[in-house]
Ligand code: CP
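Consider the single chain below, provided in structure tokens and representing the form predicted alone.
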């Protein structure tokens, strides 16, 4: 199919992405299909974002989110503006509402990486252009899209795929379970007491997953979650916003470390995922992270492809 025949998916065109819960399964599939097509493209990418400007606001530190967005936008012929609070009047007390109303008149879309999800919602209310969630304490949908692309290219499909998430039931866990529900994966999250995702959310995810051929559940035993899984996924034990309780978290999560023994519980062709940055010897060992089962570096690269595809559907 020639690139000039590309048509944005109607459930994505002109819409914000605050959480994947707001989008139907076919929209997620459309993003993944385009992401795969972009990744397979040799040489220059088509300029699907020609004459488009995307403002990228970082209120939290970033490596992969910043580089992947900037690189993907540039490859699609668009322009990005990377902004931090110190670059704007936000750092001197200007409100999110006022900032949104200004940026919305000068940019075609806004990506925000912040803390409270309420900040993202306030930006979206007033911007007048699509807003993309680059990370909040509650959700990380762009990471989940890259996770899906990585699993799909490894296993050929997602429906019924058994995967395990191990550790903190945080924003990465919630977004991964959401993505799994929309694509029919069988996701089991293993989390210690006090660190499990909201039971109401898990019930929602399980209901959606079952309608799509999968399931969602939370258990306490990491070996139970890992048994027979095709992928083992983890995140740092201390996420942004959780600083100060590191010792408590290390004690709570010690049994959830992905090491050779836990990988041995998984399927023979299982891969390991980590959204990075990794803390060697805590949530994952160096040997597993850099070993033959690791799909982590493909997963990191796929942030660029998945986010570029998302923006092409949003602004194309």
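Numbering follows the first chain given and starts at 1. Keep in mind the model is a prediction, meaning the values are calculated, not measured.
The same protein also has a form predicted in complex with the named molecule, omitted here; what follows describes it.
Residue in contact with the named molecule in the predicted complex (any heavy atom within 4.5 Å), chosen from 264, 61, 291, 281: 61. Of the residues given (49, 30, 275, 271), 275 alone sits with a heavy atom within 4.5 Å of the named molecule in the predicted complex. Taking the partner from elsewhere, residue 9 is found to have every heavy atom lying beyond 4.5 Å of the named molecule in the predicted complex. For residue 133, no non-hydrogen atom is located within 4.5 Å of the named molecule in the predicted complex, even though that partner is not displayed. Taking non-hydrogen atoms only, residue 143 approaches the named molecule to within 4.5 angstroms in the predicted complex. None of 32 to 40, 49 to 57, 246 to 254, 62 to 70 except one has non-hydrogen atoms within 4.5 angstroms of the named molecule in the predicted complex; the exception is 62 to 70. The single residue of 104 to 118 lying near the named molecule in the predicted complex is 113, the criterion being any heavy atom within 4.5 Å.
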